[in-house]
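Let's start with one chain on its own, the form predicted on its own, as structure tokens.
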């Protein structure tokens, strides 16, 4: 009997206990400061009924189908988030495509410009937009100058206001969300074999035909991932809609704050927060079925 007979291949050595010890502190923190408060919110949403009539377990959730004010607020939130998502991914797609196709030096400049926005607080950027879009601001002046012919025809009411309108909120949110669309799109496009486009051109396809038939289908997983990511982030956006909306464009995050601090309808606020969480989880599951999340996150 030799020693080699009892030797164990390194591949067969498994040390799951060591891995669990490494992640255990993070799991304890998540359970203590995230899962337990989350359970408290879910319990609050079914325990305190803030509507009219007889209290019931799911009474707050029934308000989603019976309260016209809540339905208008939710529809406004979905509408603003959808417009923001489409515009952000559209601009992000063009910018990501440019970053992939330009040279190394130009790509570094563009990537730095995108990442620079992370260095500025969302609050500072929102305040900057209040100045640009405010009454008499440069953006409002330019827009009113452009629509003056349409005002003369009676097609547009003058003057056009950007601050405290949905248009102003969308502009600020698109600016804030753009880097979150560019980065996953850029990661997806970097993985596309550009030789396939050249092969299509070699077989007689035009530049637009090669882009439409080869590049766009291959980039669709990144587009879908960016659409879902931006929409989920937009649902919980608070600072920009609160500042640029000025109380006239109230979305769900601001409505939750008002319910907590002003109207003291904590059960309603907990129900809205829980509904947002459920919607976010559903969209995350949908994204997991459409794209490889581990590849998008760089895990493999």
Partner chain sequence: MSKPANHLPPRASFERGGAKRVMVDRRSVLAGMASLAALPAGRAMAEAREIVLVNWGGDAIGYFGEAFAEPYEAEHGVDVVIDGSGPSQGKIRNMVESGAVTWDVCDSGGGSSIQLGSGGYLREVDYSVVDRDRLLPGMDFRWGVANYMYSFVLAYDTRAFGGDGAPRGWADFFNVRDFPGTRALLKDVLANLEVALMGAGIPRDEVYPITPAKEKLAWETIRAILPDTVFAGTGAEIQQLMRNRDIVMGCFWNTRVKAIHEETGGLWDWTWNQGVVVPGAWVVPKGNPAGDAVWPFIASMQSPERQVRLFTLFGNAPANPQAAALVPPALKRFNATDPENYARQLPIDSAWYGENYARINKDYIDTISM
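Positions refer to the first chain, counted from 1. All figures in this text were calculated on a predicted structure; none of them were measured in a lab. Rigid core (definition): largest C-alpha set, two forms, superposition within 1.5 Å.
Not pictured, yet referred to below: the form predicted in complex with the partner chain.
Trainee: Candidate spot 90, 97 and 107, all three in 4.5 Å heavy atom range of the partner chain in the predicted complex?
Mentor: No.
Trainee: Within 4.5 Å of the partner chain in the predicted complex, counting heavy atoms only, one of 219-227, 68-76, 116-124, 176-184 shows up; tell me which.
Mentor: Among the candidates, contact is made by 68-76.
Trainee: So, in the predicted complex, is residue 46 in contact with the partner chain at a 4.5 angstroms heavy atom limit?
Mentor: Result no; residue 46 lies far from the partner chain in the predicted complex.
Trainee: Hey, in the predicted complex, does residue 258 get a heavy atom within 4.5 angstroms of the partner chain?
Mentor: Yes, residue 258 lies within 4.5 Å of the partner chain in the predicted complex.
Trainee: Report yes if any heavy atom of residue 247 sits within 4.5 Å of a heavy atom of the partner chain in the predicted complex; otherwise report no.
Mentor: Looking in the predicted complex, residue contacts with the partner chain include residue 247, since a heavy atom lies within 4.5 Å.
Trainee: So in the predicted complex, is the partner chain close enough to residue 275 to count as touching (4.5 Å, heavy atoms)?
Mentor: Output for residue 275 is no: heavy atoms all beyond 4.5 Å of the partner chain.
Trainee: The partner chain isn't shown here, but in the predicted complex which of 206, 101, 112, 135 has a heavy atom within 4.5 Å of it?
Mentor: After the contact test, the surviving option is 135.
Trainee: If we check the partner chain in the predicted complex, which of the residues in 254-269 reach within 4.5 angstroms of it by a non-hydrogen atom?
Mentor: Heavy-atom contacts to the partner chain in the predicted complex: 254, 255, 258, 260, 261, 262, 263, 264, 265, 266.
Trainee: Quick one: once the rigid core is lined up, does residue 65 have its C-alpha move by 2 Å or more between the shown form and the other one?
Mentor: Stays below the 2 Å threshold, so no.
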